[in-house]
Ligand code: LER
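The chain below stands alone and is given as structure tokens, in the form predicted alone.
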Amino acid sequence: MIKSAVTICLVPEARGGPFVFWDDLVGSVRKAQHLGFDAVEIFPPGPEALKASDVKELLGDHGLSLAAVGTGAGWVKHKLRLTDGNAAVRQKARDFVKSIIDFAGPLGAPAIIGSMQGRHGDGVTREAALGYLTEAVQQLGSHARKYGVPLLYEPINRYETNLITSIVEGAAFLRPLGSCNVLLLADLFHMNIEETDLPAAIREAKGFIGHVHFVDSNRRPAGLGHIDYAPIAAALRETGYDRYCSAEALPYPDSDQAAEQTIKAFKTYFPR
């Protein structure tokens, strides 16, 4: 069964980014429960910002799960990238992601690598950057395995990286790595930019997709742009996808209305 989730960002430096709820973890969890979401996806400044036992109790009290935990603060706050030309910075980046895995894993949730993947350039060739990225995801995927969760790797659009920009490329990147415990995060906003056919891309990446960001073409909540969700939902079901569709969307026109719009769209395309 495909499940619903909504994002909560606790990173001040990410202000203005595509997250539905902001700052107030307790209040956001209450609202997520009230609206009928299955889970929340949290973006913390770092693992030290939250106590795992407190998060577990909070979610348990509200009947919610933790869908995933983002590592974006590693870039927007700490300026760490897994493909940096400096080996010491790359190690700090891996250590940061590892710390998020160690926070999320015991709560049954995967960590997400998105903006921290970086890019080639500034003295780093594409070949070298892809080598650094491969080494990082293999190591971090192996680390996540001990918690029984995958590592999520997110291909992002050409304006944010020049490495792997599509789900089709992402599947081709992971395929030679074998059972590395890494799955793809299929973000519909990025896919709308990069894929020629979103449902076809989902089918081509069958078995590699571990998380979906349920968002529209303009990064507003699902249903407020021009993405056609019916064939996407059909492709997800046909490929056996049974994880989360999580709203990483702008709080448009505000957080509460964005969450309400998302759960309405989710129930339309993924009825139970």
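Bear in mind that the values here come from a model prediction, so they are computed numbers and not experimental data. Start at 1 and count along the sequence shown; that's the residue number.
Missing here is the form predicted in complex with this ligand; even so, the following discussion is about that form.
This chain appears without its partner; in the predicted bound form, the one residue of 135, 95, 160, 102 with a heavy atom within 4.5 Å of this ligand is 160. Note on the partner interface in the predicted bound form: the residue among 168, 149, 156, 124 having a heavy atom within 4.5 angstroms of this ligand is 156.
Note that among 172-180, 86-94, 102-110, 187-195, the stretch whose heavy atoms approach this ligand to within 4.5 Å in the predicted bound form is 187-195.
Remark: residue 219 counts among the residues lining this ligand in the predicted bound form, judged by a heavy atom distance of 4.5 Å or less. Applying a 4.5 Å heavy atom cutoff to this ligand in the predicted bound form picks out 248 as the lone residue from 241-270.
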